[in-house]
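Given as structure tokens, the chain that follows is alone and in the form predicted on its own.
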Amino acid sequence: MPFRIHSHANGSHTLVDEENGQAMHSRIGPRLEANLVYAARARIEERLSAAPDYTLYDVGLGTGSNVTATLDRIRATPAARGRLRIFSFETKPDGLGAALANLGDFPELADWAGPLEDLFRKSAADFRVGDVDVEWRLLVGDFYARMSEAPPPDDLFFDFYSPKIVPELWSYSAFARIREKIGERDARLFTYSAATPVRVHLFAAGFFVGAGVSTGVKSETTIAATRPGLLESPLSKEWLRKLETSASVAGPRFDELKIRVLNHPQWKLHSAN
């Protein structure tokens, strides 16, 4: 099996990719991580209540925990209504298959086993949660190649393997393609990584960038957005010191990207405040 189950000290479980040794979730486990970093930050259930037509990119489906945490919140929000379109992107869907074959180790998925089975076997699941019609699609393969098959997103859960393992998926050019896809829409990108190179690439691609919640494993996560008003905790100019002190930022395009970051409108807004 390309994935093996790993048990955490807190009793939760995750999958480890045997090909590269990467765990899908940190030691806090999939349920807590999905809520802290993604579902509770995005609050899609509230946005559905205000504007009932929403598109979510679930970039790195894994076991489906990030989406099911969102569905749990929608189910608990009677005011949520309308249509939620979810596009999950994954290169290794067997991870979901492994989780479904071991639901006892992934209890957070149990309530959504039916839609997840449809997604795994047919790449599509259509169902209703309260007054919300959910259309969930699985696009297998390279995210940046298959992104053209989906409409522009309102939110992105960006949950690829570590930038140290697949840096090309977290590059400036990669984030620039996402920013171009979003266009003029209001949109946010949520990710577990707070690495300085990741934030540099987001800034350079045209996003405004803020700090996300601590998970206990990481002191910060990251939220990026197409306009500053969508961020609760935008990074201040103090963060720019990391451009001078972080050896991990250096690279063949560093000087070019640094200029983009230093000239980013986020710092002018911060000065005005």
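Quick caveat, the model's predicted, so the values are computed rather than measured. One rule holds for the numbers: they count along the sequence shown, beginning at 1.
Another form exists, predicted together with a small molecule; not displayed. Remarks below refer to it.
Within 4.5 Å, heavy atoms only, which of Pro107, Gly82, Gly141, Gly114 is in contact with the small molecule in the model of the complex?
Result of the distance check: Gly141.
Using a 4.5 Å cut on heavy atoms, which of Glu90, Asp72, Asp133, Asp118 is close to the small molecule in the model of the complex?
The residue in contact is Glu90.
Contact flag, Asp155 vs the small molecule in the model of the complex, heavy atom cut 4.5 Å
Because no heavy atom of Asp155 falls inside 4.5 Å of the small molecule in the model of the complex, the answer is no.
Taking the shortest heavy atom distance, is Leu169 within 4.5 Å of the small molecule in the model of the complex?
Leu169 belongs to the contact set for the small molecule.
Tell me, yes or no, whether Ala224 is in contact with the small molecule in the model of the complex, where a contact means a heavy atom of each within 4.5 Å.
Taking the distances in the model of the complex, the answer for Ala224 is no, it never comes within 4.5 Å of the small molecule.
Would Gly62 sit within 4.5 Å of the small molecule in the model of the complex, counting heavy atoms only?
Although the small molecule is absent here, Gly62 would touch it in the model of the complex, with heavy atoms inside 4.5 Å.
Quick one: in the model of the complex, does every one of Arg41, Thr191 and Glu220 get a heavy atom within 4.5 Å of the small molecule?
No, none of the three is in contact.
Using a 4.5 Å heavy atom cut-off, indicate which stretch of 62 to 70, 226 to 234, 48 to 56, 204 to 212 touches the small molecule in the model of the complex.
Within 4.5 Å of the partner lies stretch 62 to 70.
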